[in-house]
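Below you'll find only one chain, the form predicted on its own, shown as structure tokens.
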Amino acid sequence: MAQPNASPGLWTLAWRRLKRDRVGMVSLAVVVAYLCVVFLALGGWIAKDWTREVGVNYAPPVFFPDDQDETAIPLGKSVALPDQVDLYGLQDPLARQLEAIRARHPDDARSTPERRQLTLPLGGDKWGHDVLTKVIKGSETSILVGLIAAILATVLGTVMGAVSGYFGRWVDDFFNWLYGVFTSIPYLLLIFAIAAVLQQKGVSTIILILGLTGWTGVFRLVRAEYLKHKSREYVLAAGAMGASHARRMFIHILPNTSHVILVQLSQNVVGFIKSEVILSFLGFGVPVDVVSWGSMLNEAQNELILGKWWQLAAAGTAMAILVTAFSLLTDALRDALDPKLKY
């Protein structure tokens, strides 16, 4: 039978503190909403046809029609693209061959004009892809890269920090030397160097690059926690009772450092999402058949010269909302998990 006056645990207190933080709860709701969108896109329930050309080239958003187009059809209407293309008075050298092919295949779907929307909810890109669908599909890539890379970096940093802080001596010297090597090189320069060495684009490559370069912050904090906890009474008592080093490290000490690891994991997710966007924007990120927020911004820089701003605004706004929500949630988690604060 539980004692009525038993004090609640750390996680119970943390949840109570987080529920009283309105900003933290709103940020949590935004993050959960983004994760639900990623889950639906990953399962193929939404945004699975993002490569479909549903609109005309550079279709403007619904609420911002192109006023310079005097021949525009009312909003929401579609137009059939003509089969014949204006060649500025020149004769098409393949016109007879195309007519013969159409005569032999009258039921071919390509012989019918394709209908495309003149306006889209958030506009279209140069190929006529729906920007809204691209933003949803791009969120799947960017968020998954940030989450998986952050988990990989957190696991590496936690294991190395635990081993370094617990054993000390030459083991600690070796990991400190490795930490010094990684932190002495500028972060973006290190990422570009590893990307140039791998010479392979892909989501798995970006995850590997970010995971192998982003463990230093977790290592520093976990090492400090293990240096503090390894000489405390409960760890010494576990050793006196015959507990192995691995049990003392990961069963006794690790739960008391989990709040630090969780906060650092949240920070890494934010940083790695921005790093993926930077890599894709500079051409080191996802391949051409994969869409992410970074690849959308890469395309948008050329569209912005032509005055087509909607893809840049959509991708930038989606990323800004998520990064801001994650940052505010990290601050709320840091306050909620602080053991020095009283309930």
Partner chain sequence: MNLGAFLIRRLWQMIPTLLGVVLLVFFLFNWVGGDPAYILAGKMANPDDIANIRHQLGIDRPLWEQLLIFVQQIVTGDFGNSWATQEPVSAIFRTRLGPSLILLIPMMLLETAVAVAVALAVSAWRGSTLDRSLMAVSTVMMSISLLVYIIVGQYVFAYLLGWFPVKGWSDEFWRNLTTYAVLPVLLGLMVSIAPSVRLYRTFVLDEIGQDYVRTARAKGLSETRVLLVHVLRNAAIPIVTNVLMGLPALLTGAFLLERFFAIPGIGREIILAVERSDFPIIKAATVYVAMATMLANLLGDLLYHWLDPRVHLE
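Numbering follows the first chain given and starts at 1. Computed from a predicted model, the values in this text were never measured in an experiment.
Below, we turn to the form predicted in complex with its partner chain, even though it does not appear here.
At a distance threshold of 4.5 angstroms between non-hydrogen atoms, residue 278 is in contact with its partner chain in the predicted bound form.
Contact annotation for residue 184: at least one heavy atom lies within 4.5 Å of its partner chain in the predicted bound form.
Although the partner is absent here, residue 47 lies well away from its partner chain in the predicted bound form, with no heavy atom inside 4.5 Å. Put simply, residue 242 is far from its partner chain in the predicted bound form: not one heavy atom of it is within 4.5 Å. Between its partner chain and the residues 35, 42, 282, 29, the one pair within 4.5 Å by heavy atoms in the predicted bound form involves 282.
Listed stretches are 258 to 266, 174 to 182, 242 to 250, 157 to 165; the contact stretch with its partner chain in the predicted bound form is 174 to 182, by a heavy atom cutoff of 4.5 Å. Contacts between 297 to 333 and its partner chain, taken as any heavy atom within 4.5 Å in the predicted bound form, involve 297, 298, 301, 304, 305, 312, 319, 320, 323, 324, 327, 328, 331.
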